[in-house]
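The chain that follows stands alone, in the form predicted alone, written as structure tokens.
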Amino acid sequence: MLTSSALVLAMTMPGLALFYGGLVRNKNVLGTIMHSFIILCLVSVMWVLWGYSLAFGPDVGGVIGSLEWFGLSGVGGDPNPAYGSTIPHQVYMLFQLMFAAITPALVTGAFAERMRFSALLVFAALWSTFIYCPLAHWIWGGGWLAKMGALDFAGGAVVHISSGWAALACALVLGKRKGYGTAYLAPHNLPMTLLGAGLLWFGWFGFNAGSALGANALAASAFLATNTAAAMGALSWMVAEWLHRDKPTTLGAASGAIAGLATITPAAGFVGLFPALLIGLTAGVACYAAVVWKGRFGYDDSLDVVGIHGVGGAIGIFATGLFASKLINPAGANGLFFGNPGQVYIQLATIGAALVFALVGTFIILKLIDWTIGLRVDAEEEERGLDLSQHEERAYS
């Protein structure tokens, strides 16, 4: 579990930092990498003070955890039976910390190249406290969706739907980048992005297999499903792009792998090999379509968080309701194709609750920040780039 925690940390820094950093222009690369790095630092402190208690502490009305574990009071080396009968409670807390850190970092891709650094800090703190913690409690901490029977093995709703649809709110509230649709806004360093994608894939095994909470057969099954869906997602995105645009791209293959990983996340510990293949295939095609259609809707989601994580997470939660099998995970539930159609309705309710809560809650948080300290850099600062305007640094001499 400690190794899995370290793997998930590597997803945020350096994995996501490099993946996003390569996708922006060279005047914004340090500012973009800084988003992931500083969110990891900020959430690490918040989580041990109040975040873990709110997300996983004793249930209060099915909505939130109490502050009984504030400052990790009562969270020590003895196992907590609710979160793994053989795992020291602090180890489980650390594992969940890494999930809490990467989720707001994923959101930053939506507003890359245009948010004030001070606003980012406030946003990350508020979003983690008021969006991530309640949602994690609803599904993983014994809240109302858990009591309903929602299946989310490693974060399809808690991580990917929440970040993906929060990203839509960010794109709408902050508006388009200066020059969007007219200026050259292409990625400045695709090898960096591919390196980040590889590190994300590597760390994702801790994300999904680690959620089995032990080195066991379930972890092996989740590992297999994760790798299979990632590979299939990369292939299906590549083929869809090839047919649509006459050329396969390296960025498309990397994006497809991430889409496959995001989509299999909620199902990884509940489905077998062939459902994993089908989920990866669907993820590559559907998420590619969502990214293409972004232009038709007219919002500027800079790094395609909505199309990959928002859409992928929702597909994964729904697919879990179809393909989940107690033969894979006896602690789970059967899905539609294994004789339990009711699970589909539970999964749909989970999608709706997570999507609406993240979208509306994020909109409110953004508006509060904008009314107080301001969200967006001014036009001159945006033209200079975040590296100079926010940090007085250059990535390249």
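Everything numeric in this text was worked out from a predicted model, so none of it was measured. Each residue number is its position in the shown sequence, starting from 1.
The discussion below concerns the form predicted in complex with another copy of the chain, not included here.
Scan P248, G175, G84, G149 and let me know which has any heavy atom within 4.5 Å of another copy of the chain in the predicted complex. Result of the distance check: P248.
Going by a heavy atom distance of 4.5 Å, is V377 a contact of another copy of the chain in the predicted complex? V377: no, not in contact with another copy of the chain in the predicted complex.
G385 near another copy of the chain in the predicted complex, any heavy atom under 4.5 Å? Result no; G385 lies far from another copy of the chain in the predicted complex.
So, in the predicted complex, is W242 in contact with another copy of the chain at a 4.5 angstroms heavy atom limit? Flag for W242 set to yes.
Is H188 close enough to another copy of the chain in the predicted complex to count, meaning some heavy atom within 4.5 Å? Answer yes; at least one heavy atom of H188 falls within 4.5 Å of another copy of the chain in the predicted complex.
For the chain seen here without its partner, which of 149-157, 128-136, 318-326, 86-94 has a heavy atom within 4.5 Å of another copy of the chain in the predicted complex? In the other structure, the partner sits against 86-94.
Contacts with another copy of the chain in the predicted complex - residues in 188-209 whose heavy atoms fall within 4.5 Å: Heavy-atom contacts within 4.5 Å come from H188, N189, L190, P191, M192, L194, L195, G198, L199, W201, F202, F205.
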